[in-house]
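The chain below stands alone and is given as structure tokens, in the form predicted on its own.
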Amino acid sequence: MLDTPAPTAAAADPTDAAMLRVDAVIRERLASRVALIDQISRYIIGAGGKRIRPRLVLLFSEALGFAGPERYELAAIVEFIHTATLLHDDVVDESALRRGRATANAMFGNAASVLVGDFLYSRAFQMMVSVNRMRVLEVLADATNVIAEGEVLQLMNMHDPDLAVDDYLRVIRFKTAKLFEASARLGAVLAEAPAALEESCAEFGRSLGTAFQLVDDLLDYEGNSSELGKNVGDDLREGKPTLPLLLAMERSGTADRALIRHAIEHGELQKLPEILAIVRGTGALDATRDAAEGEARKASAVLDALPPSRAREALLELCARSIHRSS
């Protein structure tokens, strides 16, 4: 099990006040003379979310002693990039529900969602230039490129029941963990930390992002729609061969393996109850959670490189929360 305590409701997050400043930047930078851009941007941003990526920028900045206003701008930038990926993802995946509400593509159409995602990407790059730090541009330009590669890799892997676990993990590290990594690294860049310490912060982000996605994939088979804010079984409907399914096939007999293969190949939900039973019965969910806990442990260990602070404690708490969650 993860060697950090389970999170408590009373745990204080030192970024709560700073996030109000970030929200103000987000509202200001969302402004557009095109009404539909305003409407869709505010719809998707207004849906809320965990805001983990901007919090990583703030927490690593604080942990390393940087208190300048640039941290609010960078925190807003990573949220814009993340939001743009969500808009594009929902179109590609034909999703209808996110965070308990209709997706932007379901509300406004695919074309508008893609174009507003492009607006958020380009606005993020305008904001990067305003920070006037070449290293910031390098980190975020690299991250957006790798994320795009991850999206294409995932598209190539759809409906492939023979996907290797290493190839599945590669998609996670490109598509999800890369922005976590960049967010953590940016705090070190702002603080002008030594290269080795910057890399440690990036390692934290990679491991936390991987843990976070593994739990997301786990919850698609053991969560419930009201808590998740999306439909259980969406990954299977989209033909995504995630770790719970890959492990269940490894551990199943011929008939059950064939059932899962067919469902992945055809994106079929008709047999979802039977597949859920197989995934649970083979211990694939426990194994997926173990893998997530292993990544969270790696992230926690990296924090030894940081000086003691309330920000470091909040980062440790974040590792625990990435595992002990239901949405």
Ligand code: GRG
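Since we're looking at a predicted model, the values are computed, not measured. Heads up: residue numbers just count along the shown sequence, starting at 1.
A second form of this protein, the form predicted together with the ligand, is not displayed here; the remarks below concern that form.
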- Message: Tell me which stretch of 190 to 198, 208 to 216, 159 to 167, 249 to 257 has a heavy atom within 4.5 angstroms of the ligand in the predicted complex.
- Response: 208 to 216
- Message: Just to be sure I understand the contacts: of R99, R135, R173, R237, which is the one whose heavy atoms reach within 4.5 angstroms of the ligand in the predicted complex?
- Response: R99
- Query: Looking at I147, V131, V139, A76, which is the one with a non-hydrogen atom within 4.5 Å of the ligand in the predicted complex?
  - Reply: I147
- May I ask whether H82, D89 and E151 each come within 4.5 Å of the ligand in the predicted complex, counting any non-hydrogen atom? yes
- State yes or no: in the predicted complex, is some non-hydrogen atom of R53 no more than 4.5 angstroms from a non-hydrogen atom of the ligand? yes
- Message: Test of understanding: in the predicted complex, would F108 fall inside 4.5 Å of the ligand by heavy atoms?
- Response: no
- G49 within 4.5 Å of the ligand in the predicted complex, heavy atoms: yes
